[in-house]
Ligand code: C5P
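One chain comes next, on its own, written as structure tokens: the form predicted on its own.
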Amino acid sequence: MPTEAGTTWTIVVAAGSGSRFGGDTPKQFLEIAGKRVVDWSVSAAASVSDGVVVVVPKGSSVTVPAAGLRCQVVCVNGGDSRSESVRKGLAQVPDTAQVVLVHDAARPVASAALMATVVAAVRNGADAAIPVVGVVDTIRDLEGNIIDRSQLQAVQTPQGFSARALRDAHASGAHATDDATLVSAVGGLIVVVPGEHWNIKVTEPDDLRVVAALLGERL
């Protein structure tokens, strides 16, 4: 249960079609280590949240049970883009919420500790807090030029926001690949926090093997 003053809600974005992944079932609803990918993500989010909004694919009747969790869970259909889906979820977050996290369901290994770190950064005054990790591979651009990886960071979720800043950023109806980009575009204060190298995003079928091993250690 959340222990700090005020309310925190998390939007878990599970509205993707999983076209890059392939198969008949979207990756976020596949079972890993005894639970669906989305259920692992919701469980971690619930550890710091007063409520969780799960955004499922447009037109879907998929539900996410709240059994065993200490907060309420609301499911809502998403939109035609990630940003639109986040807005659908944000509309379900109570006006009294002070902190809102946005987390991709396809990152089921994100820890409760990371969730708490992001919330704390927002409560300390940031408009947005994003977890990042350093890039460890050598990077070349399409012309074969080496890019200085010391100047690069990989951005993860959960991303945390003051509820006001997130609502203001989405008011224009703009689109971006993540919500911190929208907050930055309207002048919000962005801070970074250490991410987790094992907080991988399930993108390819082989990712399931890695995630299953990591989650299996928690059982």
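Residue positions are given as counts along the sequence shown, with the first one as 1. Just so we're clear, the structure is a prediction, and the values are computed from it rather than from any experiment.
Same protein, other form: the form predicted together with the named molecule, not shown, and the subject of what follows.
By the 4.5 Å heavy atom rule, the three marked residues 43, 47 and 197 all fail to count as contacting the named molecule in the predicted complex. Only one of 127-135, 101-109, 87-95, 145-153 places residue heavy atoms within 4.5 angstroms of the named molecule in the predicted complex, namely 101-109. Contact annotation for residue 72: none of its heavy atoms lies within 4.5 Å of the named molecule in the predicted complex. Looking at residue 123, you'd find every heavy atom of it more than 4.5 angstroms from the named molecule in the predicted complex. In the predicted complex, the named molecule sits within 4.5 Å of a heavy atom of residue 15. Contact residues in stretch 62-97 (any heavy atom within 4.5 Å of the named molecule, taken in the predicted complex) are 79, 80, 81, 82, 85.
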